[in-house]
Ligand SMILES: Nc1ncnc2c1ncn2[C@@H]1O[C@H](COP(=O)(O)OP(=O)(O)O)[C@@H](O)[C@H]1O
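Here we start with a single chain on its own, the form predicted alone, put down as structure tokens.
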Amino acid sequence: MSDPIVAVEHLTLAYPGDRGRPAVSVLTDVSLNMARGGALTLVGPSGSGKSTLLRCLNRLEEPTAGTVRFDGRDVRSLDPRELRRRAALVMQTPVLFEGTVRDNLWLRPAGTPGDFSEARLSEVLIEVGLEPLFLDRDAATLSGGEKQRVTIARALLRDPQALLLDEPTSALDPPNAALVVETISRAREARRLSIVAVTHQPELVRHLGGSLLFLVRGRVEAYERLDGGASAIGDARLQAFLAGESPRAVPAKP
């Protein structure tokens, strides 16, 4: 078996308390491994630390203790800009800047390698299900689903090894959410991308497969694989989630 693309060992994160108050624990002793080309979905009630854990994977948050390895290396040994190119974050609310879609696709840190030619921009738009004519569209006129697919295209232009998805469909109506889910699934298959996603949408989980990690108050309460389908899941809360129940309504672990 090849080395995992992501390996987290005993990760803990706590924020200092104000005015002498105790530290606020966000994540406690989290460990996980994800195979190259695999998928991992982080689920759990709101405020359980899912997005914080996701952000630790590319150093947008720094843990208090424990280690995060990406592609076999401690992330602290990697240049943050290079790490964020290789493990690209797609946020819940798409962030596009003033100008055309082309202008937004061109945006990148100075010195970022890659092919940003007109032909390549057209190719990556087609890859996310948008016509090359979108290059000349004013980004402000796009629908929510179109904006999200442009942000995915911008990430793909940098040829990442992994996509980190933070609720990528939660702000979208069902038709646009379905298009984004299909875009993510297609890109993963075509590029053999590794995917780590935070979501409340069972449909995205069913498309991705892989593993489910259930967080409650920053602790791992369940960690199971979907290889055998939803019927193979033993944890009642994960079964309920896949059946469409909100994590807040899921019964407590016996």
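Numbering starts at 1 and runs along the sequence shown. Computed from a prediction, not measured in an experiment: that's the story for all the values here.
This next part talks about the form predicted together with the named molecule, which is not shown.
The named molecule is not drawn, but in the predicted complex it has a heavy atom within 4.5 Å of Lys50. The shortest heavy atom separation between Pro45 and the named molecule in the predicted complex is within 4.5 Å. In the predicted complex, the named molecule lies farther than 4.5 Å from every heavy atom of Leu32. Contact annotation for Leu60: none of its heavy atoms lies within 4.5 Å of the named molecule in the predicted complex. Of the candidate stretches 50-58, 189-197, 203-211, 66-74, only 50-58 has residues whose heavy atoms lie within 4.5 Å of the named molecule in the predicted complex. Annotation for 13-45: interface residues with the named molecule in the predicted complex are Tyr15, Val26, Pro45 [heavy atom within 4.5 Å].
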